[in-house]
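Quick setup: one chain, the form predicted on its own, written in structure tokens, and binding and motion questions come after.
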Amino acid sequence: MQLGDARTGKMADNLVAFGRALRRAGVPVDSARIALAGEAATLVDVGRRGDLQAALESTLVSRAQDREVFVELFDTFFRDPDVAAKLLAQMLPSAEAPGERSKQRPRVREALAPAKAPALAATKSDDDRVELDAAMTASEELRLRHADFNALGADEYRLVERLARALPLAMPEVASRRTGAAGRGTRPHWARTLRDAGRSGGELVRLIERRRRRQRLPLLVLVDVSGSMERYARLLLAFLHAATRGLRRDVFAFGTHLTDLTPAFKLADTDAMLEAAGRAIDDFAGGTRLGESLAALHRAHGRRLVGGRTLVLLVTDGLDTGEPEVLARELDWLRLHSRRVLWLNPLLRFDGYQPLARGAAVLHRQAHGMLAVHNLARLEELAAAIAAVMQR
């Protein structure tokens, strides 16, 4: 191994550079983990690539979704001395490291990209400059939590997208039709009670009861990818992909027509999902015809709505160019076959917003609730807002 060899005395520097690259790729790595990785590296044979990888992975990776990024970045970092040298050079203030294109996933490619040149960084004000690699101050983090997605700079947008992927979204649970044994229930569970009695010689020691199980609602997500939603669509898709992982979900994009993104959402990696969604959507940043898109959903995918239990999340600003009568008719059908229809509207960032556009007026009248999703703070509050609407 040419870099990372303890005999050269560069192991610590290499681990710091590698940890920084992981942070730039969105993997949560702090100095304590890097120090722990250094200790782990001293306990294995660094000449054996697999041993070193296992030692670093066990100390630097804490989430399953980061494992593929770690493996790809490790492979590049410890295989190519030039890449490692560039990352080490980026630790110096005067470093100049030319960028390079590759077929790596976006998170890894951004992590390996050169740092900004000081001259370019100086053209921005201190308030606007956000380094992906740098630890944010409390004031920067607070500002980004409340910054409108549509007003973010390119670096800020990438950073906020990374932060959004880590936000949880606890979905409400409801009682299912199936029941199970419980300490306290509504009626006796005779089968379990008799089996329990059999183990105690036929004596009925206790009465086991039956209670309805709890389950999370299946999701139907419809995301507007028209021109007015361009800055919100990618970020909200990334957020929803990570936050609803493990749930039953059907996802569609709509602009001038409907696009099924459910196969893309089955991919474990969010970057891979975004790439697959980008290939599937051929009307991105175009117009909005929600009524016709819902009609296509009705005709071709109506069976995906599960017995009136589906929770529908409709992400759009409501600036629909179709006929309001069509939209009203299809929303009637959607309400009839789902548990709740929630309108996630980025335009709620404006104080005193009124849904005066034709499509917005229909949505406001038909949806069970209208929730804001224009910044990180609102996404953090989204689970509680959904729960409140579900209880109405």
Partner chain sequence: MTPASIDDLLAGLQAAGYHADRRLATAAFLALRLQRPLLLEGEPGVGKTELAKSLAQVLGRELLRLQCYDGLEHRDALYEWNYAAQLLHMRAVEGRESVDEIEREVYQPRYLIRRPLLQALQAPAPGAVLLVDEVDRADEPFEAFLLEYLGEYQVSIPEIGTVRAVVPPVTILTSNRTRDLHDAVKRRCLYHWLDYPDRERELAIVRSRVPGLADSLARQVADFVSRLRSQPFADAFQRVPGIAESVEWARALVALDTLALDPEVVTGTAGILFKQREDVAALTHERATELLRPEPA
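Residue numbers count along the first chain shown, from 1. Please read these numbers as outputs of a predicted model, since none were measured by experiment. Rigid core here is just the name for the largest C-alpha set that superposes within 1.5 Å across the two forms.
Missing here is the form predicted in complex with its partner chain; even so, the following discussion is about that form.
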ask   = Just one of 298, 245, 216, 257 has a heavy atom within 4.5 angstroms of its partner chain in the model of the complex, so which one?
value = 298
inquiry  = Please identify the residue among 335, 67, 364, 358 with any heavy atom within 4.5 Å of its partner chain in the model of the complex.
reply    = 67
query = Going by a heavy atom distance of 4.5 Å, is residue 194 a contact of its partner chain in the model of the complex?
reply = yes
query = Would residue 268 count as touching its partner chain in the model of the complex under a 4.5 Å heavy atom rule?
reply = no
key: in the model of the complex, residue 54 touching its partner chain (heavy atom, 4.5 Å)   = yes
ask   = Is there a heavy atom of residue 321 lying 4.5 Å or less from a heavy atom of its partner chain in the model of the complex?
value = no
note = Only one of 303-311, 269-277, 236-244, 286-294 has residues with a heavy atom within 4.5 Å of its partner chain in the model of the complex, and that stretch is 303-311
ask   = So which residues in 39-73, when you check its partner chain in the model of the complex, have a heavy atom no farther than 4.5 Å from it?
value = 39, 40, 43, 44, 48, 51, 54, 55, 57, 58, 59, 61, 62, 63, 64, 65, 67
query = Can we say the CA of residue 51 moves by at least 2 Å between the shown form and the other one when the core is superposed?
reply = yes
request  = Verify the C-alpha shift of residue 71 between the shown form and the other one: is it 2 Å or more after superposing the core?
outcome  = yes
note = What changes in the model of the complex is the Cα distance between residue 240 and residue 28, by 3 Å or more; the two atoms are farther
message = Relative to what's shown here, the Cα pair residue 246 and residue 71 differs by 3 Å or more in the model of the complex. Does it come closer or drift farther?
response = farther
